[in-house]
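For reference, the chain that follows is the form predicted on its own, supplied as structure tokens.
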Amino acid sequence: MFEHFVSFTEMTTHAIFSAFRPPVRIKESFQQLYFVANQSLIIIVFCVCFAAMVTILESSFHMRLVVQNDSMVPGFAAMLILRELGAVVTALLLTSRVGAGIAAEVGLMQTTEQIDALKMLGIDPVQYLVLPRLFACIFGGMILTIVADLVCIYSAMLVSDMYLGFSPAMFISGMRRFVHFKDLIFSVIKGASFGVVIPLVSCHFGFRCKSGAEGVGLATTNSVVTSSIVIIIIDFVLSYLFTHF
């Protein structure tokens, strides 16, 4: 674990300093952004819709069970969606799809000695492979988090209208008492923070991938598991900090 931590720290530091050195690989960054954001959009929208529906229904059920009144459900559900659900579910889905893809791609390049070939050509592998994916995941995570928040709130509003008896006007009125613009800003900050974790962890395990199909599979599994754990920890830390604002 200590060896992994040192290696990850060295790669992250290298990536930070490389971000301020030319060349700036804009084309590769936009290609990765298309892979991260556009190709993940349908999956994320589909999943967060049902997550929001379950959240609003369960909130109403338990509130009626405990206090016999669910009038505050729209506000609580909207606050939970903006502060937690939209960003975390989006990040975990990106980890499963994008993180696994990055780890497998970089791991295959490592096992086939393509990374060594880049070094022989005088190309920095971190700048060539990590930075475009890092920029794409940061901006893609922010964009997808905003989309997920809006879709979640809209889905929750539809379910509350059809099954709970709250009209859209009542839902928005109840939401405005609990939700503020800063909650959306906090959600976007979380999306960007989670976007930093996914490519760094995935590339780290990809660079340390062992030869063979088993090595690539192990690197992919480790990247997804580690990224998910780090995302949950960062979510706790940020949620604790945001409670003071």
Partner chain sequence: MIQFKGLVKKFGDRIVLKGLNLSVQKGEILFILGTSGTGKSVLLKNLMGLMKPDAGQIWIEGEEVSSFSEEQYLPIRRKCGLVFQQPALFDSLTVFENIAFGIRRHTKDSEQEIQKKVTKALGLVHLKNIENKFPSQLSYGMQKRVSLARTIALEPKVLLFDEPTTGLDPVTTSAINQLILELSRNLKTTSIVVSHDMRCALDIADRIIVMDQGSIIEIGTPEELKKSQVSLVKDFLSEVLEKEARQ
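Residue numbers count along the first chain shown, from 1. As the structure is a prediction and not an experimental result, all values here were calculated from the model.
The same protein has a further form, the form predicted together with the partner chain, not shown here; the description that follows concerns it.
Exercise. Check each of L158, M170, M72, A117 and return the one that places a heavy atom within 4.5 angstroms of the partner chain in the model of the complex.
Key: By the 4.5 Å criterion, the partner-contacting residue is A117.
Practice problem: Could you confirm whether G122 comes within 4.5 Å of the partner chain in the model of the complex, counting heavy atoms only? | Solution: Heavy-atom contact with the partner chain at 4.5 Å: present for G122.
Quiz item: in the model of the complex, does Y154 have a heavy atom within 4.5 Å of the partner chain?
Solution: Heavy-atom contact with the partner chain at 4.5 Å: absent for Y154.
Self-check item: Interface membership of Y163, the partner chain in the model of the complex, 4.5 Å heavy atom rule
Solution: Taking the distances in the model of the complex, the answer for Y163 is no, it never comes within 4.5 Å of the partner chain.
Quiz item: From first to last in sequence, which residues of 1-33 have any non-hydrogen atom within 4.5 angstroms of the partner chain in the model of the complex?
Solution: If the 4.5 Å heavy-atom criterion is applied to the partner chain in the model of the complex, 1-33 yields only R21.
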